[in-house]
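What follows is a single chain, given as structure tokens, in the form predicted alone.
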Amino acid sequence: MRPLTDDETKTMFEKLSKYIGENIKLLVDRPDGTYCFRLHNDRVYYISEKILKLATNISRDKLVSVGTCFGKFTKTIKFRLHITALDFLAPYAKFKVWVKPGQEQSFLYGNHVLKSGLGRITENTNQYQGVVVYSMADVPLGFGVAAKSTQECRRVDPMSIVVFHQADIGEFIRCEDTLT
């Protein structure tokens, strides 16, 4: 478990800023303590300083995970967010998409959001902007990338894709052996 290098931190924060903007500093400086990001086996963990000090008593080869896994670095040094970060991204999300009840199941099976299943979308959402997907009851379901801007969503046909799927809470069941 080691701190992230400057390049790794920059790559990860650029990815996070697509979803939560300047609210990244709210993740690190929280009122309930100081939190940090640590790298272990190409995975980035979000962990409190108190737990981090306790985790130093465990050897690296015996340590499986500690804290919340935010994502992992690929072999090409790109950062990929995991669904386990949703609980921390959702409260600070700048751009949100709400899906109709009929579209929820389709999204949770890993499909993109179609215009026909779109309930609401945050105003001024740009194309290829990171969005958090909610149910109409304001339950965070996952996150993705807006395929169309808010203005384009108003005039596209009902079968066109408006949000590209990236991760959803159904992954806990579909990929439970690979999530740590």
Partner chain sequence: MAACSIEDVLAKAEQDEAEKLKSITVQKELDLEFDIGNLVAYDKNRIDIRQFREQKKDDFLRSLARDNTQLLINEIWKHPTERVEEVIVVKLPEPTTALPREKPPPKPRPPTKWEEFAKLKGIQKKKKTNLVWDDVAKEWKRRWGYKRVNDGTKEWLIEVPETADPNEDQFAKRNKAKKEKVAKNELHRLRNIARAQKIKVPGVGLTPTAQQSTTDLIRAVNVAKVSTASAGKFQDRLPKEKAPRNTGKKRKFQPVIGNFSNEKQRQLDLLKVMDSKKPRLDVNKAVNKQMREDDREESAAKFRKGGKKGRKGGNFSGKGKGGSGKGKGGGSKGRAGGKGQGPPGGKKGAGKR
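Numbering follows the first chain given and starts at 1. As the structure is a prediction and not an experimental result, all values here were calculated from the model.
A second form of this protein, the form predicted in complex with the partner chain, is not displayed here; the remarks below concern that form.
Within this chain, K94 lines the site of the partner chain in the predicted complex, having a heavy atom no more than 4.5 Å away. The partner chain is not shown here, but in the predicted complex it comes within 4.5 Å of a heavy atom of E152.
Residue contact check for T34: one or more of its heavy atoms lie within 4.5 Å of the partner chain in the predicted complex. Remark: D138 does not count among the residues lining the partner chain in the predicted complex, judged by a heavy atom distance of 4.5 Å or less. With the partner removed from view, the residue among T68, N124, N111, S116 that has a non-hydrogen atom within 4.5 Å of the partner chain in the predicted complex turns out to be N124. For the stretch 1-16, the set of residues having any non-hydrogen atom within 4.5 angstroms of the partner chain in the predicted complex comprises M1, R2, P3, T5, D6, E8, T9, K10, F13, E14, in sequence order.
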